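This document opens with one chain alone, in structure tokens, the form predicted alone.
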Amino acid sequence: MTKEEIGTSVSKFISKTFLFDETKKVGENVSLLGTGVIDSTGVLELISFLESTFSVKFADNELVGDNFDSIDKIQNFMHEKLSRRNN
């Protein structure tokens, strides 16, 4: 799966779940936590979505805010994680 496909999937989930409108978009580098798009409960929903969508489990040391703070950071982190799994 490409970074772009991951980013599109995450972006759609965020728009639908947190903005309640799939046509609204959040910039790829916008801080999701800093702007209030998602809160601590939202991070849990996001992690659950990523685990179920991409069939992954996160280690405790991966569950840091920096990995989930923007669409760009999420897609880079997930692409790297999926690449490690496939190698």
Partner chain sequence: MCGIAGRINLSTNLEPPSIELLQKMVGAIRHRGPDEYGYYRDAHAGLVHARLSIIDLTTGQQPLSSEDETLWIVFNGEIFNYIELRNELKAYGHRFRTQSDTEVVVHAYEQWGDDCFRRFNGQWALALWDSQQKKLTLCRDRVGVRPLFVCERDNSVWFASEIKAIFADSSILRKISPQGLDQVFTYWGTVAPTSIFTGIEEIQPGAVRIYEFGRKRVDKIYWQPSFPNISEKDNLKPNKVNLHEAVEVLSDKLMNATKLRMLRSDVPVGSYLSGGLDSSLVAWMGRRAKEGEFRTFSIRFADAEFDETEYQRKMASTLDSKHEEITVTGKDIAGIFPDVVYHTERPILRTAPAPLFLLSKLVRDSGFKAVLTGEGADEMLAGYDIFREAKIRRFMANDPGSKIRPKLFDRLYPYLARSPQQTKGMAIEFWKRGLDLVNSPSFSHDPRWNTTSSLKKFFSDEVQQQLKSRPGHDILSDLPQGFSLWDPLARAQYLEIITLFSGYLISSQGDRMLMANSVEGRFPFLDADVMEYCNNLPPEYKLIGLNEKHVLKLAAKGKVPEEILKRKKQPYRAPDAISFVSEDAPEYVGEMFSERLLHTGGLFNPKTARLLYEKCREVVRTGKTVLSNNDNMGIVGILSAQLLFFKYIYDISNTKSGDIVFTTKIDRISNTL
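Numbering follows the first chain given and starts at 1. Predicted model only: the values in this text are computed from it and were never measured.
The same protein also exists as the form predicted in complex with its partner chain; that form is not shown, yet it is the one meant from here on.
When contacts are defined as a non-hydrogen atom within 4.5 Å, all of T41, L44 and K57 contact its partner chain in the predicted complex. Of the heavy atoms in N76, none are within 4.5 Å of its partner chain in the predicted complex. Taking non-hydrogen atoms only, S9 approaches its partner chain to within 4.5 angstroms in the predicted complex. Residue contact with its partner chain in the predicted complex: D66 places no heavy atom within 4.5 Å of it.
Looking at S52, you'd find a heavy atom of it within 4.5 angstroms of its partner chain in the predicted complex. Residues S9, K12, F13, K16, T17, F18, F20, E22 of 7-23 are found to place at least one heavy atom within 4.5 Å of its partner chain in the predicted complex.
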